[in-house]
Structure formats: C-alpha cells, structure tokens
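Shown here is one chain on its own, the form predicted alone, set out as structure tokens.
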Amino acid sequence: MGVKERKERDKVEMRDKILQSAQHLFLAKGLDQTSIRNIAEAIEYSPATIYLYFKDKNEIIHALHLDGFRLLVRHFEPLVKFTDPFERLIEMGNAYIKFATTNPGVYELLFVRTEPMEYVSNCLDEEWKEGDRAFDVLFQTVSQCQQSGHFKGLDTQNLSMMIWSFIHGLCSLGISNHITHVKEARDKKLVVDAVMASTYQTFQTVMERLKA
C-alpha cells in the first residue's frame, strides 16, 4: 500500500471513529448536551481534529443520517432477486427488521429520536436523496404489486405509509423491549425475536388477504 492510499484509509477510519463516538454520545446524552469537545474527548483528539472532517455538529448529524440511510438501502439490495413484487414486499419487511435489530443505535437516530430531524432540516439539499431513495424502494414495490393486479382500489402512497408505519412500530417496540411487556408475552416468557417473528407472520397473512 502506497503513502497516498494509506492516508486515504486513515482519513476514512478517523471519520468513522468520529461518527461512531458521536452516535454513542448523542444516544447517551442527547444532541443538545453533546458538544464537539465531548466528541473530541471521547476519541482522545483535540476539537481541531473534528473540524478537519466536519464544520459543525449539524454536519455530523447529517452525515450519520446519510450513512444510516445508505446502510438501509444496502439491506434492500439483495431483494432484486425476487421477481415477484409481492414476495419482494414481504422480504423487504424482513430486511427492514434485520436492519433495525442489528443496528439499533442507527435506527433510533434515523426514525425514533425527534431531535435529529430538527438539525437535519437545516441541512436539506440534493444529498438528502438517500432518505428519499429508501422510501422509494418500498413505494415502487407496492406500485409494481398493483400493476400485477394486487391491492386494487388502494392509494399507493397511503398503502406504502401504512406498511412502513406497521414495520416501524414493530421495530421500535422490539428495540425498546416494550414488546415483551405485553401480558401474553410475559406469561409465556417470550423473547423479543419470537414476538417480532410471530407478529410479522400475522402481518404477512393480513397482506395476503389484502392483496386479493
């Protein structure tokens, strides 16, 4: 590896280190209570180092959102092998759940915490296409299902939002562990993964009936 390649690798590693520390602090302390100095102290560098990569805290939050949405879209990429749009729609739900449960910190910053959007709204530009792209994967799949004769008479946008709302709610309840506090789950001593899996199976059954 040459000097140039090594420098580029070091830059990528430092950027990732900054973002990982920032994410941890944002979730632990909140965005308002986390400063550039806090992030610098966490990685044992000076604040000046942070400013070599990000101009301010808003840009760090924006970067976390963009990276998070890119990661979500990557979870969707294997779905291209499903030529049947309804089958792809069902597998998309599984991919979304896997993304949320394996990256709970990222998911919380993207879809649960309200503060990040207050910062991100000040940074909206053409780069925000990553967020739009993530939802568009769902929208286009629902649209293809309708072109195949499913979900007749239902508005594509509203149906897509309904599906996302259900999956998001399931993921939020699972990540927070609230889902196992339901009486039936407590009585049967069910674990989070079991409750989420059985609930999603019921969702699949509902979607099967709705698609006709």
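When you see a residue number, it is the position in the sequence shown, counting from 1. Quick caveat, the model's predicted, so the values are computed rather than measured.
As for the form predicted in complex with the DNA, it is not shown, yet the points below apply to it.
Novice: So which of 49-57, 147-155, 62-70, 160-168 is the stretch with heavy atoms within 4.5 Å of the DNA in the predicted bound form?
Specialist: Selected stretch: 49-57.
Novice: Could you tell me which one of His24, Lys11, Lys17, Lys188 places a heavy atom within 4.5 Å of the DNA in the predicted bound form?
Specialist: Result of the distance check: Lys11.
Novice: Do Ser35 and the DNA come within 4.5 Å of each other in the predicted bound form, heavy atoms counted?
Specialist: Close contact exists here: in the predicted bound form, Ser35 approaches the DNA to within 4.5 Å, heavy atoms only.
Novice: So in the predicted bound form, does Arg209 come within 4.5 Å of the DNA, heavy atom to heavy atom?
Specialist: No.
Novice: Which is it in the predicted bound form for the CA atoms of Ile175 and Gly30, closer or farther than here, knowing they shift by 3 Å or more?
Specialist: Those two alpha carbons end up closer in the predicted bound form.
Novice: Closer or farther: the C-alpha atoms of Val12 and Pro104 in the predicted bound form, versus the form shown, with a change of 3 angstroms or more?
Specialist: Relative to the displayed form, Val12 and Pro104 move farther apart in the predicted bound form - a change of at least 3 Å between their C-alphas.
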